[in-house]
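Take a look at this single chain in structure tokens; it is the form predicted alone.
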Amino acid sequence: MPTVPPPYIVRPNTAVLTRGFDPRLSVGSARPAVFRSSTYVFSSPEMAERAFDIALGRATPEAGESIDLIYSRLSHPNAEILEDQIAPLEPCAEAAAVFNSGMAAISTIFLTFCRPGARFIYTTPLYGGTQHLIHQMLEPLGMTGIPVAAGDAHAMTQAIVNCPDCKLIFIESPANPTLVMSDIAAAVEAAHMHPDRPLVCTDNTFMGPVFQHPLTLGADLTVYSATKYLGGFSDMLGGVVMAKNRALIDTLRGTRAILGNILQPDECWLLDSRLPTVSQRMYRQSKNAQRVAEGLAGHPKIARLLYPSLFTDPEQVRIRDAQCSYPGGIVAFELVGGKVAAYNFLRNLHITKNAVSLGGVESLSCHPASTTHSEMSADELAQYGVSDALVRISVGIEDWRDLLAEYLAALDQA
């Protein structure tokens, strides 16, 4: 949607409330309305031709040019508003594309930039859905995925150097659910030296867009499950990809038009309304999680506690300090007593609900080995540190003292 920018630079928390929306085009509405339309009326036959030329890549829009909309599978007003308003949250982002889920966004990245015969590198462990995509869809299509342990910068560099026809480096940092961090800048440096110049993409769902900014570290793309912290209320699905290079986003939008996985107007409107509070929510969740993690540290029923502010490995501390400003809202730990203790802990929670997903204002807990990561083999689970004793908690905005008291009581029952 065309809009007149102010004669000065505004900061991200202002831009998400003002950029990309012109009230004059919505009967003076102070906030965007929902535009539920499948098709759009052209202003003239010439403008219809121009719109199709641009949509099909035969032409590029001029600076400030207003292009007629065509069809909601390609784009629609709410998607354009959301994409314009969300980009400032990720420093260095020039453009964004929205999808109807995080997995839709990730799938579109792989299907756009990798082809049969191509190779890509990915960190492990990964979110279970991404792992499933790689093994059950991409590899049967003739693509080769090369796993590298999260946090091992040397192994990542060597994998990139020794990977012919490398098209993409996919980094999930922190890793789900072990919270191991990977050195994004080191991967970028190795990618820039590779003759194929593979793209570097970071799944920034756990820390972004507030506590970690992959594009400032040199990554080409950053992807989010907007279902999580961006949406923040566990009531919608969405995905977002942002990039420094607008041409990359234009290419993704072309694939999106074919796959038909654009985020629908109602969800775009809902997600857009959540953007102004994402920073406040994430700061509260991170502070709560840090207090909870520190309150649980050293508990005799916890065999291993995973939280960024409590890292002891020097390399993990270095990466954390180099690329994250806050430790985030996810806490994970292994219980003494294995799976039985983990299940007993979960069944004795009341404030915190036993459910998958994360990033909502309510606290959620799950057992990754039997749920989100259950498609991994026993060898993969063991290799990646996703044990039967591991519990993951997404800390919400409740009073942290109530959460800590609940976890201490549940540990007594475990």
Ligand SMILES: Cc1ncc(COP(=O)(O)O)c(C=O)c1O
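Only a predicted model underlies this, so the values are computations on that prediction, with no experimental measurement involved. Throughout, we count residues from 1 along the sequence that is shown.
There is also a form predicted together with the named molecule; it is not shown, and the following applies to it.
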property	result
Residue stretch of 170 to 178, 242 to 250, 308 to 316, 116 to 124 approaching the named molecule in the predicted complex, non-hydrogen atom distance within 4.5 Å	170 to 178
The named molecule: the contacting residue among Ser101, Ser72, Thr112, Thr216 in the predicted complex [heavy atom, 4.5 Å]	Ser101
Proximity to the named molecule in the predicted complex, single hit among Ala191, Ile106, Ala93, Met156 (heavy atom within 4.5 Å)	Ile106
Heavy atom distance at most 4.5 Å to the named molecule in the predicted complex, all of Asp203, Ser225 and Lys228	yes
Exercise: Pro77 in contact with the named molecule in the predicted complex, heavy atom 4.5 Å	no
In the predicted complex, Gly208 touching the named molecule (heavy atom, 4.5 Å)	no
The named molecule contact in the predicted complex: Leu358, any heavy atom under 4.5 Å	yes
Contact of Pro198 with the named molecule in the predicted complex (heavy atom, 4.5 Å)	no
